[in-house]
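Before any questions on how it binds or moves, here is one chain, the form predicted alone, in structure tokens.
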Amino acid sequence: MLALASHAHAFDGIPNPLPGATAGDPQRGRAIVADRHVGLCLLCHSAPITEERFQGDLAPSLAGAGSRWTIPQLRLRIADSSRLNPATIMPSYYRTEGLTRVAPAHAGKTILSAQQIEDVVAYLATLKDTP
């Protein structure tokens, strides 16, 4: 089953922190977004992280994300964006089943932990200004 399956969510958001996670830390979230080996966010998105020179342009900029979406909406978009758009190319960072082409070593595991997702949500919620 999905890591999210037992977690209540509204149509466009997950209202409560993911199970086992504490309040997110924006600094840790920023580090996850910037790290090309953990979150991989900057492969597709750009963000107001000036020290990262090469950023993606396949997906919307993360600048202003905190103004465009609520915390529950951000949480769902990161945990499993395919619930909003089944054709998305964005990975489902907290989904474990119904995926294709998953290496055996990663089967049954989420890409990010519940705490890492809460940290990223906390960081994105701080991004109120658009470029």
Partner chain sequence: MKAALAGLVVVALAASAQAPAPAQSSAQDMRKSGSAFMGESTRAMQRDDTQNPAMLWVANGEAAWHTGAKKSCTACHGDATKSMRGVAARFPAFDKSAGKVITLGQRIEQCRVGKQGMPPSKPEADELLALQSYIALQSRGMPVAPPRDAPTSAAAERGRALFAQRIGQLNLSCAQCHDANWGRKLAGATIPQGHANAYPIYRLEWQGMGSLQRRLRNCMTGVRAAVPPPDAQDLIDLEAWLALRAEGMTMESPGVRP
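Residue numbers count along the first chain shown, from 1. Since we're looking at a predicted model, the values are computed, not measured.
Only in words, not in the display: the form predicted together with the partner chain, which the text now covers.
Among residues of the shown chain, Gln73 is not one whose heavy atoms approach the partner chain to within 4.5 Å in the predicted bound form.
Interface residue remark: Gly56 is counted as part of the site for the partner chain in the predicted bound form, having a heavy atom within 4.5 Å.
By the criterion of a heavy atom within 4.5 Å, Leu43 is counted among the residues contacting the partner chain in the predicted bound form. None of the heavy atoms of Ala114 is located within 4.5 Å of the partner chain in the predicted bound form. Here the marked residues Arg28, Ala34 and Pro48 all miss the partner chain in the predicted bound form; none has a heavy atom within 4.5 angstroms.
Contact annotation for 62-95: residues with any non-hydrogen atom within 4.5 angstroms of the partner chain in the predicted bound form are Pro86, Ala87, Thr88, Ile89, Pro91, Arg95, listed in sequence order.
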